[in-house]
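A single chain comes next, written as structure tokens; it is the form predicted alone.
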């Protein structure tokens, strides 16, 4: 059985690597075909000679064929060398590392808030289906899913930062506690939509299990509601865990507008700046890093099924 499970994990890992390779090629191709001249962006609005443009293209390998450019970039990227930023002139790797902490802390705090609030609320609404608490939380989740993160952020800034003065308006703070305090409003703004999404998916998964025949049979056998709920949650765990994995992609997409709204120097604001300047090395590196995080999370979710559901383990063994 252990060998079969290992083979299952290796197949998933190989599929993840193939997906990353395809995504890297797609992103490189889209940026390659994008309108505009990177060499002229580097030199600004100055009048330049054809020799200067040719030198810039040679320096950044812009004069080579598409596949040669892609291979040069990929062969260096797998070693952690993403090249030189066109906008700043510095190495891309250290630039990403400097910005990663803010984004990781904001996304991590938002994820934690979403899970701690969304999963219990979804379970509570499913157990009390059709009651006033259920209707109230479902209505709030609809509003949360519909509200854009940046709009929620602006409201939070106006009320709690400018109006009441409880939180800072912008910046990252100094020291662990001060930095955490600066990230509360951005994390809450990001967690509103995420938490509402988790509530709706958790509620749907639990309700689907509560309607199964085994729940009626378990209650008929005299099992307590706590034991019945434990069985229900175990069977509803797979769609809930899957939704939590999908949230990672939403987190990185949502941080772009949140970091711009709260003036946070993270990967999201770096992506915005790099796209506007057409800083191809930074955009490629950021896209690959985000794709790597999302793909690894999806791989972890797939492997978690082995621990959650015995049926998945059985299928893995049969293969």
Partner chain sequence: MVAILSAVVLAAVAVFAAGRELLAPHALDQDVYLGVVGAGVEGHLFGTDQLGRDILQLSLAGARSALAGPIVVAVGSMVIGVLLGTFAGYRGGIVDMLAGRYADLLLALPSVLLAIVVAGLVGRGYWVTVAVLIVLFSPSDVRLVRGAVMEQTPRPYIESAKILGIRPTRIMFRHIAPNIVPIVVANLLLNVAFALVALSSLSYLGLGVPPGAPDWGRQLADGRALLGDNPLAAVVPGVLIILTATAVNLLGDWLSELLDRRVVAR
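Numbering follows the first chain given and starts at 1. All values derive from a computational prediction rather than experimental measurement.
Only in words, not in the display: the form predicted together with its partner chain, which the text now covers.
Asker: In the model of the complex, do 98, 105 and 304 all reach within 4.5 Å of its partner chain through at least one heavy atom apiece?
Answerer: Zero of three within 4.5 Å in the model of the complex.
Asker: Would you mind picking out the stretch of 105-113, 72-80, 148-156, 89-97 that comes within 4.5 angstroms of its partner chain in the model of the complex, counting non-hydrogen atoms?
Answerer: In the other structure, the partner sits against 148-156.
Asker: Residue 64 versus its partner chain, in the model of the complex: is there a non-hydrogen atom within 4.5 Å?
Answerer: Answer no; every heavy atom of residue 64 is more than 4.5 Å from its partner chain in the model of the complex.
Asker: Consider residue 256 of the chain shown here, and say whether it contacts its partner chain in the model of the complex, taking contact as heavy atoms within 4.5 Å.
Answerer: Residue 256: yes, in contact with its partner chain in the model of the complex.
Asker: Hey, in the model of the complex, does residue 10 get a heavy atom within 4.5 angstroms of its partner chain?
Answerer: Taking the distances in the model of the complex, the answer for residue 10 is no, it never comes within 4.5 Å of its partner chain.
Asker: Looking in the model of the complex, any heavy atom of residue 142 within 4.5 Å of its partner chain?
Answerer: Residue-level check for residue 142: yes, a contact with its partner chain.
Asker: Could you list the residues in 267-300 that come within 4.5 Å of its partner chain in the model of the complex, counting only heavy atoms and keeping sequence order?
Answerer: Residues within 4.5 Å: 271, 272, 275, 276, 278, 280, 283, 287, 290, 291, 294.
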